[in-house]
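Quick heads-up: it's one chain on its own, the form predicted on its own, in C-alpha cells.
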Amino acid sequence: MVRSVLDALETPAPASRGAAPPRVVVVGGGFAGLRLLRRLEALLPADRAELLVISPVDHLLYTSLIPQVCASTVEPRHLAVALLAVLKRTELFLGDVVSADFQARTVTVRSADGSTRPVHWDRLVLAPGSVTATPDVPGLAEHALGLKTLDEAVALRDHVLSRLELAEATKDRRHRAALCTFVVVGGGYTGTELAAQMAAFTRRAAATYPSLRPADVRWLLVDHAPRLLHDLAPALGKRAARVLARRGIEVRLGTSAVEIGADSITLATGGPNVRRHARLPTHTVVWCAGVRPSPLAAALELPTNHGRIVTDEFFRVPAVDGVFALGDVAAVPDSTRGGAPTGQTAQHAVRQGAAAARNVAASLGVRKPRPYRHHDLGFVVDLGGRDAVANPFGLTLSGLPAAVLTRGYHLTTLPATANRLRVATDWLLNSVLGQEITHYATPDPREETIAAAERTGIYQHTS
C-alpha cells in the first residue's frame, strides 16, 4: 500500500501517463471526504479511476461525540475510524496539501517530516473541513482551549482534572474558586453539549477529593446570541437551557468575551454604545464559538464566499476545470434556502459526500450529474446521561426519548461496525461502573493552544 502510494506520487503528469486510469485525488478524510470515497468505490470500477486520499491523519474523527471524550464517557480512540479499514481500494497518503498548481494539475503535499512532494490529479476534490474560529480577542490564542481534535479533547480533560487537583491542594479560597471556575464560550451544539456533560462529570470528580465539594465547581456558558442553540428551533434551546439550569450551569446570553488572561476572562454585555465589563477569575476558558474553513481555502487562492470556496450546485469550482469542493470548506448553494451556502454541519458533509461522488463519477462518464438538494432531517443534542434534545422530522423531543434517539443516531452514523461496538460498550460500562476520574499527564501549556493542536500555522510559510 505504501509503495503504491509513493509510486503514484512520482508518476508523471496525466498527459504522459498512457493507459493509466484517471486519478481522483481527495483532500481530507473527514465526514465529507470519507463518504465521497466510499460512494466512489461503489460507483467507479477499478479500471475507471484510481482513488487517492490525502489526509494529515489516518482516521476520520467522529467529532459529534467529542464532548464525551472530555467527560470520560467514551475512550478517545473509539471515535477514530481507520480510513483503510473502511476504504477497500483507495490509497492513503499522510500529509497536508499546502498549495496547488491548477495548470499543471498538481497539489503539493507536506509530510510530517517537513518534506514536500507533488501529486498529480485528473479530478481534484477539496474536503479538508474546518478549524476553530479564532477572532481577534486579546489572549484567545495564548490562553483559550479548543475542542476540534482528539488531542484537544484529551488535553481539556486532563487540564480540568488538574485544576481540581490544584484546588484541592490550595488553602487560598479565592485561588480555589478561580481554579474551580470553568467558562465555555459558544452556545452552539459543541459548547452546549460540553458544558452540560462536563458540569456533571466535574462535580462527580470533586466529590472524590477530601476538601472539595461538588458545590465548589462552577460552570458558565457564554454566548453573544439572545438564545441558546440559536441555529436550531427555539423549543430545543429552551429545553436545553432547562437542563443546564438544573445542573447549576450559569448561562449568560447576550454576552461576549472581550479579553482572556491566564487567570481570568473579561465579559461584556449590553449594546455597542452601553457596554458593561466584568472580570471573572478563572484558569479555564474553552472556545467553542464557531468554526472557519480550513486555511487551505485561502492558500489555494480560489474564489471564496466568507472564506469558503465558491462552487455551483454540482460541487464544481467554476474557476478551475476538474476541481470539486464540499463540506465545511465549500460554499455549496442550498436550493432549499434560496441558494444561500449550506450550513457547516456533519449532516451536510455526509450528504454532500454522497451527492458529490455521483457528480465526480459523472465527470468521468459514469452516471449523470445532479444538483445538491438538502432536506433537513432534524438535529440531536446530547446533554449527557438521560438528557438530550432532538427534533427528528420536526418533532421536538427531550429527556429519555431524545437521549435514546440521540445515542441510536450516533451508533447508526458511525462509519465502522467496530467503532459502534466499542462506543456502545463504553456507554454500557459507564452506566454500570461510572466514569473514570483520572488524567494521563499534566499538559504543557505550550501544547494546549488551538493553533498548535489544529496545526493551522503550516500555511503561513507557503507561497
Ligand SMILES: Cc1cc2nc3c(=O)[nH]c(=O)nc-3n(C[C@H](O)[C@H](O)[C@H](O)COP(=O)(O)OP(=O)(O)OC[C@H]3O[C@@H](n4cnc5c(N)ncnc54)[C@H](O)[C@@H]3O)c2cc1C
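Quick note: we count residues from 1 along the sequence shown, nothing fancier. All values derive from a computational prediction rather than experimental measurement.
This next part talks about the form predicted in complex with this ligand, which is not shown.
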_Distance check, L147 to this ligand in the model of the complex, heavy atom within 4.5 Å_ = yes
*Non-hydrogen atom contact F379 with this ligand in the model of the complex at 4.5 angstroms*: yes
*So in the model of the complex, does A356 come within 4.5 Å of this ligand, heavy atom to heavy atom?*
no
*Does A127 make contact with this ligand in the model of the complex, using a 4.5 Å heavy atom cut-off?*
yes
_Answer range among 189-197, 215-223, 136-144, 165-173 for contact with this ligand, defined in the model of the complex as heavy atoms within 4.5 Å_ = 189-197
*asked:* What I'd like checked is whether V27, G30 and A346 together line this ligand in the model of the complex, meaning each has a non-hydrogen atom within 4.5 Å of it.
replied: yes
_Heavy atom within 4.5 Å of this ligand in the model of the complex - residue from V423, I54, V69, A402_ = I54
*asked:* Can you pick out, from I265, L236, V286, L296, the residue that has a heavy atom within 4.5 Å of this ligand in the model of the complex?
replied: L296
_Pick out the residues of 79-98 whose heavy atoms come within 4.5 Å of this ligand in the model of the complex._
G95, D96, V97
